[in-house]
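Next up is one chain by itself, shown in structure tokens, the form predicted alone.
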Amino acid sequence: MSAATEPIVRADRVSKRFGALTAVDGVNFAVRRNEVTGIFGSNGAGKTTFFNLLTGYFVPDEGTIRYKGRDITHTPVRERVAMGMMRTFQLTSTFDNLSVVDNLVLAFYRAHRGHSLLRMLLSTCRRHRDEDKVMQALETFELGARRDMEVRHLSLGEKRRLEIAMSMLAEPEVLLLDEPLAGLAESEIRSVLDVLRRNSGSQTIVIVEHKISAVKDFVQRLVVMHEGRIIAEGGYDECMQHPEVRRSYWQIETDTVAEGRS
């Protein structure tokens, strides 16, 4: 398999247990380069645990995880970030007492200049505020009007865009988004998705989302989890019509299930 066709992220027979609970049960998963993949599931489906396995916050009990063909099953989070895998969290991880532009400067220089966070905080950010990539991020994520505002005064939607912008300044090959639309109003959801679409096709994106209808036109491929297993994958319409999805999520009896009970 060539580098162009080999999945950039791949999980083979991955399982994770917490005591008697099997949160992830023998999952096989692969993402192609520059693909936008959505992982959908109700609370308790195992999607967040699986996401933690992909990003290194949990180590699987069985199975392997590979990045660009390399086994990273036991690779620490920091090393995965250095390799090109960047994750955003459901709760925004920003410095609320700093300005928007200073948050972007810190993110950029920590990723590209190797400065420690303490060194950056003790020194002034002012001389770096006109960095081209920082200016571009302000424009791309529609934060120019909030440039000098302290982050604590931003709306939740603006903070979410800022967090994604901070992640993208590190120029990861794979951007992993953990419920980026949680708690957002409809207008804020549209705004966040608009800026994400500008990078689709040039970056691999994996998004865990509970509001699947909100991202149906954004994701290229959908993976549906239930009780720790993948029960369907493919296009949005294909997955929503899958008998197991209809039975598990919508409590709709399918012909197959009904026949099995007759």
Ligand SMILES: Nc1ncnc2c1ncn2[C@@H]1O[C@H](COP(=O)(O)OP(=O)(O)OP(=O)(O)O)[C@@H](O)[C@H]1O
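For clarity, every value in this text was computed on a predicted model and none was experimentally measured. Residue positions are given as counts along the sequence shown, with the first one as 1.
FYI, the form predicted in complex with the named molecule isn't displayed, but the following is about it.
For A23, a non-hydrogen atom is located within 4.5 Å of the named molecule in the model of the complex, even though that partner is not displayed.
At a distance threshold of 4.5 angstroms between non-hydrogen atoms, S42 is in contact with the named molecule in the model of the complex. The closest heavy atom approach of G46 to the named molecule in the model of the complex falls within 4.5 Å.
Proximity of E179 to the named molecule in the model of the complex falls within the 4.5 Å heavy atom cutoff. Heavy atoms within 4.5 Å of the named molecule in the model of the complex are found in exactly one of 59-67, 30-38, 233-241, 46-54, that being 46-54. Only one of the listed residues (R229, K216, R221, H210) places a non-hydrogen atom within 4.5 angstroms of the named molecule in the model of the complex, and that residue is H210.
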